[in-house]
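In the block that follows, a single chain appears as structure tokens, in the form predicted on its own.
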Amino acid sequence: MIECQDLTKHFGAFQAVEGVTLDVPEGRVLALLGQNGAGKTTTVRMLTSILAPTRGWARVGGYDVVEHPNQVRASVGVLTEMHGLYARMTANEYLDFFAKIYGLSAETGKRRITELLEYFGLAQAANRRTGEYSKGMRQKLALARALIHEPLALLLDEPTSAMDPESAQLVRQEISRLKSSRRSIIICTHNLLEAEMLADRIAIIYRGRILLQGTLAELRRQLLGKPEYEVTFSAPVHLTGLEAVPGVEVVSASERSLRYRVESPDSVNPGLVRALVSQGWPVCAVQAVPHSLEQIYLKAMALAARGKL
């Protein structure tokens, strides 16, 4: 649904984006992560036919962003960091304006406006000027605008910025619903927990180029190494001889716990647990040691800054 190959944008001598290659199939969410100025916004602008690439190509819904710009714009919904709301318009007027721009009939436009205002909790404020809205209300209205024409693809920049927790949860639920309806979604966000919750794949961009991309598990293995597990015991034990267990790399051991790395947990963990139990050690729990997206992202940034990635 969204794909690009060697997508590049130069502004004179300045290299904003260099060689970006992405593929977001139907029903998938890609989180595009990076520092301010890394090239996320420029990439989104090329994918929405606002900027023409210097090199490479991109297609959205099968339409080339250079050769079919009108079809691309009709196929995508965009939430930008700067909402561009018309402060003197009411929410009804604002959404009606965009419904007409997208070519919706009067009946369809009215139905979609009613649905979206109700869904985002803005129905009671539908006839207030948007200039009177709070930041969270403006964010919800901007998202409603991005969805008015039921686009095939969504490009969302900080979709839950300035929202209270309840509203942010509503938006995350909506993104999950849209994903399940076979839409393709790219989210640019600094909220790494949100990206971890929503994304099927993650791409990290640094100074205009993609450093890494893949599933969270793939990135975790690539940057942080073998999966790590911890065994806890219900009573103190004296652990000996574990270094000899094939496939197990002991990280730390105490009277109450054992932490280890393993290349193939599916095959090694059952045997390790059997060995521990056979020794009479009171195994209470075995669980994976979580490595967050934040840890992965920060390590990638540190390696990139040192020229090692």
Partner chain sequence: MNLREQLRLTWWVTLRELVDQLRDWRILLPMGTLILFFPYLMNYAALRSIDFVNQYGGNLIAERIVPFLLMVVGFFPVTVSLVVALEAFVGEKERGTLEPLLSSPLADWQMYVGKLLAGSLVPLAASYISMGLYLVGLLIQKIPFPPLDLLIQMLLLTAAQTVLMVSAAIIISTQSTSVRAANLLASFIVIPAALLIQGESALIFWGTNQVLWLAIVAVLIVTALVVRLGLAHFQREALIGREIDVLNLRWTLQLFWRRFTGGAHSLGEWYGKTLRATLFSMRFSVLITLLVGVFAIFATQLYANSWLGGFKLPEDKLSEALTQVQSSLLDGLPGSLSFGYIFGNNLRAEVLVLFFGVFSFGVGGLVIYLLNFALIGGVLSVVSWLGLSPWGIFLYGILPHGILELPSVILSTAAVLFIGLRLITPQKQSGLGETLVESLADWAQVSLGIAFPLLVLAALIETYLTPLLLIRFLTLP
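Numbering follows the first chain given and starts at 1. Since the structure is predicted, the reported quantities are computational estimates derived from the model, not experimental observations.
One more form of this protein, predicted together with the partner chain, exists but is not displayed; see below.
Asker: Looking in the predicted complex, is the partner chain within 4.5 Å of a heavy atom from each of 120, 179 and 213?
Answerer: Not one of the three qualifies.
Asker: My question is simply whether residue 206 lines the interface with the partner chain in the predicted complex - judged by any non-hydrogen atom within 4.5 Å.
Answerer: No, residue 206 sits far enough from the partner chain in the predicted complex that none of its heavy atoms falls within 4.5 Å.
Asker: With the partner left out of view, is residue 40 within 4.5 angstroms of the partner chain in the predicted complex by any non-hydrogen atom?
Answerer: The answer is no: residue 40 has no heavy atom within 4.5 Å of the partner chain.
Asker: According to a 4.5 angstroms non-hydrogen atom cut-off, is residue 252 in contact with the partner chain in the predicted complex?
Answerer: So residue 252 does not count as contacting the partner chain.
Asker: Does the partner chain get within 4.5 angstroms of any non-hydrogen atom of residue 74 in the predicted complex?
Answerer: So residue 74 counts as contacting the partner chain.
Asker: Which one, 100, 135, 111, 221, lies within 4.5 Å of the partner chain in the predicted complex by heavy atoms?
Answerer: Residue within 4.5 Å of the partner: 100.
Asker: Which one, 192, 78, 171, 125, lies within 4.5 Å of the partner chain in the predicted complex by heavy atoms?
Answerer: Spelling it out, the residue with a heavy atom inside the cut-off is 78.
Asker: Within 4.5 Å, heavy atoms only, one stretch in 271-279, 253-261, 48-56, 26-34 touches the partner chain in the predicted complex. Which?
Answerer: Result of the contact check: 48-56.
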